[in-house]
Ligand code: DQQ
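In structure tokens, one chain follows: the form predicted alone.
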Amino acid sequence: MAFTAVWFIGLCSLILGCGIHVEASHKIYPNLQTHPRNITATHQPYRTGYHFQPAKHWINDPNGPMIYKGIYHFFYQYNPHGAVWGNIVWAHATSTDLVNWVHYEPAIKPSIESDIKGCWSGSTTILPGGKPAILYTGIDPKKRQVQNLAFPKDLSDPYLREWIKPPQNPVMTPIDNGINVSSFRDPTTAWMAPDGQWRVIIGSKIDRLGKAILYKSKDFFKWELVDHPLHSSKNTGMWECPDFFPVSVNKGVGLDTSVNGPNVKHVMKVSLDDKKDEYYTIGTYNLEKDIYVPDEGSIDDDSGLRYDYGKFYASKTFFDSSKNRRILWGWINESDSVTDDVKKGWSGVQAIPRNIWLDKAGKQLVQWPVTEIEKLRKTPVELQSTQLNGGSLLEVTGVTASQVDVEVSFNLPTLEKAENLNPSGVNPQILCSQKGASVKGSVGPFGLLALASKGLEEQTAIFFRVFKDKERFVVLMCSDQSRSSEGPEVDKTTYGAFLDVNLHQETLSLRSLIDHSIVESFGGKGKVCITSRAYPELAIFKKAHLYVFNNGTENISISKLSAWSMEKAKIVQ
């Protein structure tokens, strides 16, 4: 049903008078949490074609992803009654390929005293014998955050359509432990230590000290608070959605969460409530002391490494035992207004699942979209050995530019005239904002213009610039949303990061997954990832265009470009 002007005025009145406040990391709009009309707009230029999203309403954190009896399970925070945060349950979908999904009734919803005010984020652990167990944060009648446990009702059902909560709940509470009752949430996947006891961490804080509170258990029901956190870091604030997992040092494969040993490093990822972004460190899990120690040089604050330097939050990994890989999920929230979200009837999308592993140098993680997404590719369009002179623009035709997967690699014949830059102390996001796609340079900017209108009034630019720092070259990767939409109430933040690549030994590559209002980009074969939201008013559906551009003075060439229109994923409600 289309929206009327009268309804829209009423919506604006609701928003202005809804008594906004903040709970956890979300703004609360009480009058919009359960919307009386429950309408979804008929004109939907921003709904994705191959990303995961339900038919309507609000979604946020990915929860408890796992594989069970060959079936992938994905749970997520969901409001079944409106397009803003509230009424949160654990929605549930399954898949055989991480691309096409079937939904079931919510797996977990408020039903007991320790979750009656909300069923918030958590994780799944596979117990001995293959039995899944979910640990999740519940909100009790006094609005205290406590940890609860749930199990499948019928293990013979591969779709795990029903879950039960044991009478021992809550299994962890902040009461009498000196823990802030409103800063105690998001349990991780548990791991088994050599002493035969389970370990799990919960995100928390004391003032500005972010911390991962550590618990241990012999039976998964009775949990004992350890007298020290697994890890903490000053001036980082509340740690939401922590994730702690091992990575192989010498093999690009995933590891079960309980694995440790001489050829294993560990990753600690936290989502920062104050900044609404994430960072991770790579380090060592000291089993004797039960602490995690980041490697020297692994920056332990929000200026450190990130999975994604754009719109990507509350991420969660799981070990895919069927293919020996670790898969990363992340929530992509909206960049438009609450009014727009309610009008269109939905808010939030999940990023394409990514395979994640440790880079050969051992200094950072590498990510790449799961190979299964490639089954949606249609006939490719290809360019090879094509020169891009300074100031040139080349349209990629023959694809559906609003729903496309594109990979391109560049040759840089000369770097002698690269601009000078000492990257020490330089914020790459600010540098990208100052030197956007329209600012001419020497070696760059060059890359892609996605979701572009015919006259280029609208465009989302994903590009590189190359600088020279004494005897080495520095590569800056940017995603510039400054011209992404002519709409007035849209966040057009530009994102950026430095890309660790040796231009003497490697070609410079870029892959972008473009899906109506999302641009997920992977630079340097997945060393830097940037996800952007765009809400074009002109460049929608068949009016969207895709270009390769070079706005530098130096000529470059396209080694190879391949682009595929993408089929629509099947997501059954």
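Please read these numbers as outputs of a predicted model, since none were measured by experiment. Residue numbers here begin at 1 and follow the sequence given.
What comes next is about the form predicted in complex with 2,5-dideoxy-2,5-imino-D-mannitol, which is not displayed.
The site is open: after superposition of the local C-alphas, no atom of 2,5-dideoxy-2,5-imino-D-mannitol, taken in the predicted bound form, comes within 2.4 Å of this form's backbone or C-beta atoms.
Using a 4.5 angstroms limit between non-hydrogen atoms, S335 is distant from 2,5-dideoxy-2,5-imino-D-mannitol in the predicted bound form.
Interface residue remark: L305 is not counted as part of the site for 2,5-dideoxy-2,5-imino-D-mannitol in the predicted bound form, having no heavy atom within 4.5 Å. Among residues of the shown chain, E520 is not one whose heavy atoms approach 2,5-dideoxy-2,5-imino-D-mannitol to within 4.5 Å in the predicted bound form. The closest non-hydrogen atom of W331 lies within 4.5 Å of 2,5-dideoxy-2,5-imino-D-mannitol in the predicted bound form.
Stretch 306-314 is the contacting one of 306-314, 418-426, 247-255, 474-482, since its residues have non-hydrogen atoms within 4.5 Å of 2,5-dideoxy-2,5-imino-D-mannitol in the predicted bound form.
Put simply, of C241, V200, A351, C432 only one has a heavy atom within 4.5 Å of 2,5-dideoxy-2,5-imino-D-mannitol in the predicted bound form, and it is C241. Checking Y495, F410, F220, W120 against 2,5-dideoxy-2,5-imino-D-mannitol in the predicted bound form, a heavy atom within 4.5 Å turns up for just one residue: W120. Of all the residues from 446-469, none has a non-hydrogen atom no more than 4.5 Å from 2,5-dideoxy-2,5-imino-D-mannitol in the predicted bound form.
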